[in-house]
Each structure stands twice: as structure tokens, then as C-alpha cells.
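There is one chain below, alone, in C-alpha cells, taken in the form predicted alone.
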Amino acid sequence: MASRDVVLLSIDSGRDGLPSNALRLAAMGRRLADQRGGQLRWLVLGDLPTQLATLAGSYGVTAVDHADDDSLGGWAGDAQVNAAASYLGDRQGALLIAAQTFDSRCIVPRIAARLGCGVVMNVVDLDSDDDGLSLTAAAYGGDTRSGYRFEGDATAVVALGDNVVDAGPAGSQGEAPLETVSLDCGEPERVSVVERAVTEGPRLEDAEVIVAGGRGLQDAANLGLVEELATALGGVVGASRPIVDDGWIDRSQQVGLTGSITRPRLYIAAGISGASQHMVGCTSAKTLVAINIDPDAAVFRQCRYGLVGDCLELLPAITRAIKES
């Protein structure tokens, strides 16, 4: 009989003792496990996040399965693919769900290829019934949605996009049992990471207020104007891809299709043209404010409030007004 289990996959320790997007991953997993009538398990490959057992218990996870192998520490793409495939090989018909992160984009499709099963990335909604799975995924840079259907009880692998599921309330069932599992991690890793960026502070995905800068800032030194406004509003700094590619700011601050998908209460886009690749990361903001010197900039078609002018002049003025209010 095919497994009806739902398996949540974590390959990073994230911030604050939890993997990336852990709350939404848990909420989606709980709903699907209830629909499928199977167990909800959490597979951790590598370091065990300190608060994961408590979070997992609050969402009714049956057990946290921890593969604690030396080859899984740090970046271990080959070993993680091998270990996950080994784990799912004993659970034919299970549904594997991972949070879509930079690393998981490299891992999840390879797991599916190793198992010879279906895979869908950029998932924004997912439902299970007796006959299979129905999925909705973002496509064409987030401009549209595509529907997919997996029939039958075959194993399936999906990656859940950022900020697309309401985490919902968690229960209080104590910590989920922790089980150590031995998995086949295969040959030694072929790729090594020389240096990994270390990020601190609030995540863009969780921020209530974001002030993001783009090429309109003209120079990396002018990012200080964005930082000052973000501080005055109690928010965090974001960025468009061009200034990330130019090395003005760390990639962890990038908003957009290849960065973070955000849902803040307030998003201020300063000197950002409004290309679709960026806007997919911020159009879910409750209030979107645009500052651009070009009155025909695409960003003005999607914002609630638009200021036509030089952001180098308007950002300091707005910051002063907030401090004086």
C-alpha cells in the first residue's frame, strides 16, 4: 500500500533557531496530512535547528527525523540529494514539501529526478484528495498561475514559495519526538563553499515595513538614505537585483523573483523602475509607495501612492518629516 505521509524537508538551520519559512511549511504540511490521512514527519538533513522540535510539536508533527551525518554539514548538495532519495525510497507514495530557498532550488529537482517522480517549484497552493494532488504554481515571473495535477499515489516533490501560505495558529502539544535516521549519503561532495554570507536581523519575508532601493540611487553610498528611512519607520532595507549584482548590498536583501517574496504592511520602492521580476516580490504589500524621477516608470502602474521626483532629495525629506512628527 502506498504511503500517504507528508514529509517536510529542511536543509538549513535558518535564523533564530528555525529553518527558512518553517511556520508556513508546518501549516501547509498539517493541512495536507489531514487531507491524506497520513503521518506528518519532518526530515532534517544536517544541523538540527534548536527550536524545530517545539515548532513541529505545535503543528502535530509525528516525529522529527534527523540525519546527523558528517557529510551533511554546511553546503552538501550531493549528499542531501542522496539522503533524501534514500529516505523517500522507503516511503513510496509520500509527498515531500520543501521551502523554496536558494539552496533548495538546487536540491529539490534533483531529488525528484533521482526518484523518477513529479516535481513542481514555485507552489502557491496545494490540495490532496483520494485521487491525487492538485497544485497551483507561480509562472512567468509571478505574472500568472499554472495548475498541475498528479494522479494516483505516486511519490511527489514540491517546493513552496515564500509568503504564499498563512501560517495560521499553532497548537501547544509540546515537542515532537526526535528520531535519528541513518541514510545513504553517497560519495563525498564534489562542490565546496569557500565562504557563505552571514545574515542577521529580521528577514525580509517577515518584515512589516520595507524600504527598497534601486539604480535610481545612483551610487552605493546613497544606500544610507534608504537605511535612514527604514530605521525611522522601524523597517528593514530591501534592494532590486541590479544593485545587488553591482555589489552595493548583500544578496540576502534582494526582493523579487530571484530574491525574497514579501508581504509587508508598507513597501517603499525608491529609484526602482518596476520591472516584473522585482514587482513579483512586493505587489502583495498592503500599501506600495513608489518614488521615481521618471513619470512613466512601470512602478507607478502598480503602486497606491506615487511620488515623481529624485529619490536623493525625497528620501531625506520624508525621513525628516517622520522624525519631526
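Source: prediction; values computed, not measured. Numbers follow the displayed sequence, beginning with 1. Heads up, when I say rigid core I mean the largest set of C-alphas that superpose within 1.5 Å between the two forms.
Below, we turn to the form predicted in complex with a small molecule, even though it does not appear here.
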Practice item. Name the stretch: of 48-56, 65-73, 253-261, 31-39, exactly one has residues whose heavy atoms fall within 4.5 Å of the small molecule in the predicted bound form. Key: 253-261
Practice item. With the small molecule left out of view, choose which of T180, S146, Q218, Q173 has a non-hydrogen atom within 4.5 angstroms of it in the predicted bound form. Key: Q218
Check your understanding: How about L288: is it within 4.5 Å of the small molecule in the predicted bound form, going by heavy atoms?
Key -> no
Review point. Would G214 count as a contact of the small molecule in the predicted bound form, using a 4.5 angstroms cut-off between non-hydrogen atoms?
Key: yes
Review point. Do L43 and the small molecule share at least one heavy atom pair within 4.5 Å in the predicted bound form?
Key: no
Review point. So in the predicted bound form, does any heavy atom of I268 sit within 4.5 Å of the small molecule?
Key: no
Review point. Rigid core fitted, is the C-alpha displacement of A239 between this form and the one not shown 2 Å or more?
Key: yes
Exercise for review: Please check if C311 moves between this form and the one not shown, taking a CA shift of 2 Å or more relative to the superposed core as movement.
Suggested key: yes
Exercise for review: Establish whether a shift of 2 Å or more occurs at the C-alpha of M28 between this form and the one not shown, with the two forms superposed on the rigid core.
Suggested key: no
